[in-house]
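There is one chain below, alone, in structure tokens, taken in the form predicted alone.
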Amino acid sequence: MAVGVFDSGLGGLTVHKAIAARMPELPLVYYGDNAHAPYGVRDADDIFALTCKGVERLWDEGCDLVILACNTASAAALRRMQETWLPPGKRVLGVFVPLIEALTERQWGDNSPPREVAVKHVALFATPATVASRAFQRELAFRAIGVDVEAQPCAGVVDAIEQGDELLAEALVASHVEALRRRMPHPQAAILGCTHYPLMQAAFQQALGPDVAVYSQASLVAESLADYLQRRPEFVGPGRRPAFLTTGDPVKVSGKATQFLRQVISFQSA
């Protein structure tokens, strides 16, 4: 009955924590590809290959359904995986759609034509690879019209968070927000398009100001997953063993993860 949570590093732990809080009875297997993080500076083929390898490892743990709790993987690999690679009886879901549904006030599965929405000016903060993919704009266009999206690649933020350098991360956030505001002075909403960024949500909000609605993904993904599993219970896999797996050094990753979420987390080698 396990569900897999995949990420390039530690950012997906924010999604794992939200899912665990929403569905405490659901065993979760987390896979962090820390040996190859960050994904945000890699090309699409490399991201696709690494993501497929990680998802296959989660299948080995009995996870028929895997959440790509990594915006870069969701942007650069998910559609290709679903169209060309995914075998019958397996599902891989990304983290963009729940966010866009919240932004556009749509219910899951609403396939009506795109329509005008209240928010017209949206700032997207994401990794360089996610910005280059334009996946967010593509998914948004399926649901809304007349929305101006200004994307800001936030180089260095993930590295600073993974290294535990909060002061550097906050300084980088302020710099990236300033750069975006030069192109979009008055955004109505901001999308934190990386699962690391909820840890810096207060810094983003402070830099953007109180009038900008800031959307992050963890709780939205958890609610969407709960709804999905209620409708499609056959995709709850046979696995029963919760675990945290990493391609990196388990001792070092465990220490960083414990610092990251401020709770003890013990990783083992993937």
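Note that the structure is predicted; figures quoted are calculated from it, not measured. The first residue of the sequence shown is number 1, and the count goes up from there.
This next part talks about the form predicted in complex with D-glutamic acid (DGL), which is not shown.
Comment: D-glutamic acid (DGL) is not present in this chain, but in the predicted complex one of Val92, Leu99, Val158, Leu180 has a heavy atom within 4.5 Å of it, namely Val158.
In the predicted complex, D-glutamic acid (DGL) lies within 4.5 Å of some heavy atom of Tyr39. Put simply, Cys194 is close to D-glutamic acid (DGL) in the predicted complex: some heavy atom of it is within 4.5 Å. Contact with D-glutamic acid (DGL) in the predicted complex, judged as any non-hydrogen atom within 4.5 angstroms, is confined among 136 to 144, 171 to 179, 112 to 120, 69 to 77 to 69 to 77.
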